[in-house]
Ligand SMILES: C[S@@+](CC[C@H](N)C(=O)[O-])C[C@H]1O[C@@H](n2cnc3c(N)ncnc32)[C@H](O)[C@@H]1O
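Only one chain is given next, in structure tokens, and it is the form predicted alone.
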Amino acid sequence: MQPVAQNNWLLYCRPGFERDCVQETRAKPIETAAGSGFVVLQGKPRLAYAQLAFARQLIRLHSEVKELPERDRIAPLLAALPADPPQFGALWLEAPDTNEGKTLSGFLRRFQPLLEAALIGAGSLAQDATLPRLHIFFPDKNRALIGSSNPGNSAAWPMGILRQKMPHDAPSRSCLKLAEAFEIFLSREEQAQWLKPGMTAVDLGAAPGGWAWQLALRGMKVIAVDNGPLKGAAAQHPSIKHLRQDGFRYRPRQPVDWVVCDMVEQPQRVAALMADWVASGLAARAVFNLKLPMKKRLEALADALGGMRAALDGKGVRYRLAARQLYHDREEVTVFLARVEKRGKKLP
């Protein structure tokens, strides 16, 4: 067992985005193999998970076991547990989100109950969701990184991945992006309040209709704007009205509860469009994707979000803005924007 520096952190990310993950933290890189799906950093002791777009999970590292024996992996892992925190609320065994990492899934499933029993016997594991989680991350079968996550400053799912099943009648897999965005950006109370039947929404660049279908599935009345055709269940859905118009030019006659957008366009242009919709009061809330270039992705994201903030601040709009690369995203980042009214006033 080898202790690690006090301010060392383990972050998971989409494979291929390790450099972006490091850059946005401004921390010192310790281990950043390209395509590995994780990075080890040394930096500030209180990184804010909610402010990181490319990190799937934020884990404080405590120790590392470099050579796990095949016959008895439990003993060295128990010996490597930190003294602080003294007890954990959950055990998550994890591996990289790569083809190589997936080969460890069987081993992790078999090993989980054995290690859990040992931790309970040692008094280190309790069923308490308020306690830190214990993460044991296996870059390979013989090495383990041991850390903990704060439930209030981390993702609520193993590997930071919210897995979903593809609905059989969905027009496209893109519907999973919007479903994931609602889970990531909205609390349960906000989902109950802001995703109610009878609300109104506009989907810009809607074809083939995955996002419009996701909104209609929640009982909303949707205007789907795209010169291209809708497909499958979206094409004939009674709650979806298809307008063959340019998504950048269209404006509704009445304000709507939501505007969503998944158009393939320059990120700065999409960000400016969404800022205009929310700042002008055409929509109370927005979810949209920013397609990033192959190079300088962090710079492109920062420019787009910075332009939005400048536009909204310039008009005196109070707002909430968050960005994250979702599990179902690829070369893009999903953004949530909501207008925040003063006390005593209510949004639609």
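In this text, residue numbers run from 1 along the sequence as written. Because the structure is a prediction, the values reported are computed rather than measured.
What follows is about the form predicted together with the named molecule, which we do not show.
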Quiz prompt | Residue stretch of 126 to 134, 108 to 116, 154 to 162, 221 to 229 approaching the named molecule in the predicted complex, non-hydrogen atom distance within 4.5 Å | solution = 221 to 229
Quiz item: Which of S148, S239, T200, S174 has a heavy atom within 4.5 Å of the named molecule in the predicted complex?
Solution: S174
Self-check item: Position in contact with the named molecule when the complex is considered in the predicted complex, options E190, D72, D246, D140, heavy atoms within 4.5 Å
Solution: D246
Practice problem: Indicate whether G210 is a 4.5 Å heavy atom neighbour of the named molecule in the predicted complex. | Solution: yes
Quiz item: With a 4.5 Å heavy atom cut-off, would you call D262 a contact of the named molecule in the predicted complex?
Solution: yes
Exercise. Spell out, yes or no, whether the shortest heavy atom distance between P267 and the named molecule in the predicted complex is within 4.5 Å.
Key: no
Practice problem: May I ask you to state whether G101 is within 4.5 Å of the named molecule in the predicted complex, using heavy atom distances? | Solution: no
